[in-house]
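Take a look at this single chain, the form predicted alone, given in structure tokens.
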Amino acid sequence: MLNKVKEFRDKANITQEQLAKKLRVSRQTIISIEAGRYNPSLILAFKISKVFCKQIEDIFIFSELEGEVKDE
């Protein structure tokens, strides 16, 4: 999933470590989210959006292909 976590984190002038502490996750989790290797749970996505005072849709870009259900 594409996201703007790094962009919003940079704008807020906070480090990965600081964001991780606010969210009570590891720095590695933040690294993985920013790199698009890990999709956060809905709860974590809400927490991230709250930290930046944004809506989830402003931070996380949902691709129709990722969520596509194939007809059999």
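The numbering used is simple: start at 1 and walk along the sequence shown. From a predicted model like this one, the values you see are computed outputs, not experimental measurements.
Below, we refer to the form predicted in complex with the DNA, which is not included among the displayed structures.
**Student:** So in the model of the complex, is the DNA close enough to Val25 to count as touching (4.5 Å, heavy atoms)?
**Tutor:** Residue-level check for Val25: yes, a contact with the DNA.
**Student:** Examine Ser49 and determine whether its closest non-hydrogen atom to the DNA in the model of the complex is within 4.5 angstroms.
**Tutor:** No, Ser49 stays farther than 4.5 Å from the DNA in the model of the complex.
**Student:** Might Thr15 be said to contact the DNA in the model of the complex, defining contact as any heavy atom within 4.5 Å?
**Tutor:** Thr15: yes, in contact with the DNA in the model of the complex.
**Student:** For a quick check, can you give me the residues of 28-45 that have a heavy atom within 4.5 Å of the DNA in the model of the complex?
**Tutor:** Residues within 4.5 Å: Gln28, Thr29, Ile31, Ile33, Glu34, Arg37, Tyr38, Asn39, Pro40, Ser41, Leu44.
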